[in-house]
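Only one chain is included here, represented as structure tokens and corresponding to the form predicted on its own.
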Amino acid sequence: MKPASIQLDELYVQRDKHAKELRDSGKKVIGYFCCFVPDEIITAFDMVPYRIQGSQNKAIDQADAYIEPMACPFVRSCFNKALKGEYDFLDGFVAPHSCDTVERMYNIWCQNKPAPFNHLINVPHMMGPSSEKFYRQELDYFVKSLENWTGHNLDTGKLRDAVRLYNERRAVLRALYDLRKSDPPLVLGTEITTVLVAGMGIPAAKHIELVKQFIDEVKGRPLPQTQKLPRIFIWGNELDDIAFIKLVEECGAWVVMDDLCTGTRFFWEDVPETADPLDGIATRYLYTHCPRSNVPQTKTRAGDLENRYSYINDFIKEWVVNGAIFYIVRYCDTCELEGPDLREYLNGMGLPVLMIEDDYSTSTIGQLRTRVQAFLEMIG
């Protein structure tokens, strides 16, 4: 049996390999975008959730014929892979209205590369009781669509089991993140990204098993030499390649915490166990921390910032962060608008911030090195 670290590396490099093997064995694989599509519902139908990602290593050479090049390069990259047949193994395609580009891409995708099952979940941008009711109804509609397509009714017992399964995965991933609290951290940021991305195309039970084994591996390593380096918090959207994290660590820093779509956002909070599992799922997913969501405002500017970002304050304190780097995929309006407010909040805490806008491409990594080095020298 290969060590868990090797298995996770292989799954990271070939994310679709295991999903294809499962499909060949008779399992249905449902691809989806973003953090607002509940894995629990898909799993309760005995299907495999597969988080769709693009490629930061490959040029976007076909998608621009269908959508303007000033649209989000992450979404364009995902569609580019679909056009080239790289997502033909998916039995279903599900997109939430996480942002306007994803919603628009859903229609373009379905017209040009439809899957056997296609569904759009309309996710409210406002938080509050009416939004909870609306989103819950959207999940009911999603369940009904899956029932009609599969010919099977949703088993409430299986849904409860799925909630417990994914809460276990969340707990295991939080335990992995706890290993970053020490100075120096016991696990690198590149390793964390590898573990998370590797798990986005395999069943949760398999991911839990591998992460537990990986944690044991990490705890069995010789303690790293004490080396005082800046401890960095990464904020942004889709960061599904280790290249940028590796750059930051090569420049002389520890990447110890994040608030990313491919990081804490998708797993940090548990789904509450409720009498009707869909109620707990609706609450948990609707309140996912995301720049696209409008948190109710308070009366003062300082109070408003605290209301929106207090969870990040907790991250900064618990993981003893010295500086923050914002990695924003170009043309992401939500992150571009949210970034200045978050920077103001973090600066108010005395935390320096470097804002980087990038093209969702590893080809630009070399150009970013000087900026990252200068920032680290400033706070080092």
Partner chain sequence: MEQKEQTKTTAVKGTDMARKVRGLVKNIYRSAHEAKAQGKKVAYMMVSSQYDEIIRAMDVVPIPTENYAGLCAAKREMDRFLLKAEADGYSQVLCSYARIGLGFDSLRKELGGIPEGAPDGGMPTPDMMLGSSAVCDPRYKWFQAAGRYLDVPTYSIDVVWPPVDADLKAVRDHYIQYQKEQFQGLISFMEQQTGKKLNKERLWETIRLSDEAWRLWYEIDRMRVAIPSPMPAQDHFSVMVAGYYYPGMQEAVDFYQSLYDEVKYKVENKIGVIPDEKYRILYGGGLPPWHTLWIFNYFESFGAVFAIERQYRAYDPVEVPSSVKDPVEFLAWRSFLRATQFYEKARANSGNPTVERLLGMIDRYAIDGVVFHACRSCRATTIGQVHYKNILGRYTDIPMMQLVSDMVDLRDYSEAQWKAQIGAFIETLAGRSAR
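Positions refer to the first chain, counted from 1. Just so it is clear, the structure is predicted and the values come from calculations on it, not from any experiment.
The same protein also exists as the form predicted together with its partner chain; that form is not shown, yet it is the one meant from here on.
Put simply, Glu318 is far from its partner chain in the predicted complex: not one heavy atom of it is within 4.5 Å.
A residue is said to contact a partner when one of its heavy atoms sits within 4.5 Å of a partner heavy atom; Met126 meets this definition for its partner chain in the predicted complex. Although the partner is absent here, Pro291 is a contact residue: one of its heavy atoms lies within 4.5 angstroms of its partner chain in the predicted complex. In the predicted complex, Phe134 approaches its partner chain with a heavy atom inside 4.5 Å. Candidate site formed by Tyr166, His207 and Ala243: none of these residues places a non-hydrogen atom within 4.5 angstroms of its partner chain in the predicted complex. Per the 4.5 Å heavy atom criterion, its partner chain in the predicted complex is contacted by stretch 351 to 359, the sole one of 351 to 359, 23 to 31, 310 to 318, 48 to 56. Only one of Asn107, Thr150, Thr274, Thr156 lies close to its partner chain in the predicted complex, with a heavy atom inside 4.5 Å, and it is Asn107.
Listed residues Lys144, Arg265, Arg174, Lys212 were compared with its partner chain in the predicted complex; Lys144 is the one with a heavy atom within 4.5 Å.
If you take 324 to 343 and check each residue for a heavy atom within 4.5 Å of its partner chain in the predicted complex, you get Arg330, Tyr331, Asp333, Thr334, Glu336, Leu337, Glu338, Pro340, Asp341, Arg343, in sequence order.
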